[in-house]
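The data below hold one chain only, encoded as structure tokens and taken in the form predicted alone.
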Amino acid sequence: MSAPPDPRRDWLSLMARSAPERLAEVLPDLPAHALLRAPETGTVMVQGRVSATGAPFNLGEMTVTRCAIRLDCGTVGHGHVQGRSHAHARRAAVVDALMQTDEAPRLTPLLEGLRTTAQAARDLRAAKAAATRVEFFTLQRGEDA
């Protein structure tokens, strides 16, 4: 049984995966807000898994930056992004907060543009990987061939 859809998880994931400059295009001006947790950079352990059922193993560390803000209306937003961009983490936190307010209908089409860009990048990566695929086959040897 799959988990029910969680819109907030989806937009937080989208913010984390979006390029900082693309997110800045979507939301060039940040609304008034207070920092609850100033952007800070650290590392997290990334786990891998062999196939879908294998035991998890520690793959390595990844640099992340996080931030928490409160809009003037009191809504709290959180942002976690890969890398060291403090501006990206702050902008992601502001978008998270705005998506929980009446601004969500205005931002949703803009976020769909980010989603489309991310999907196009995934498709391009998949196409490049597929182009390097090698098909192995066996020729039958002997008299029955």
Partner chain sequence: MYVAVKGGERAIDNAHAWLAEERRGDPDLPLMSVAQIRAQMTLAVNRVMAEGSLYDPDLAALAIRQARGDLIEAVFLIRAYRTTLPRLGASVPLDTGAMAVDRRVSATFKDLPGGQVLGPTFDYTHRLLDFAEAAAVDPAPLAQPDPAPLPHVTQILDRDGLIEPIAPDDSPAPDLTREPLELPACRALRLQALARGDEGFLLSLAYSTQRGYGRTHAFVGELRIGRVAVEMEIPELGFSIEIGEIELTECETVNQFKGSRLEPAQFTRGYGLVPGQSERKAIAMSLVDRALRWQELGEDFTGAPAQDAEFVLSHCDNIQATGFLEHIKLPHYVDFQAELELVRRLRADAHTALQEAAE
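Not measured: the values here are computed from a predicted model. Numbering follows the first chain given and starts at 1.
The protein also exists as the form predicted in complex with its partner chain; that form is not presented, and the subsequent description refers to it.
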Is there a non-hydrogen atom of R37 within 4.5 angstroms of a non-hydrogen atom of its partner chain in the predicted complex?
yes
Using heavy atoms and a 4.5 Å limit, would one call E61 a contact residue for its partner chain in the predicted complex?
yes
Are any of the heavy atoms in R49 no more than 4.5 Å from a heavy atom of its partner chain in the predicted complex?
yes
Could you confirm whether A120 comes within 4.5 Å of its partner chain in the predicted complex, counting heavy atoms only?
no
In the predicted complex, the residue from P28, P105, G42, G113 that sits within 4.5 Å of its partner chain by heavy atoms
G42
Within 4.5 Å of its partner chain in the predicted complex, which residues of 8-29 have a heavy atom? Give them in sequence order, or say none.
R8, R9, L12, S13, A16, R17
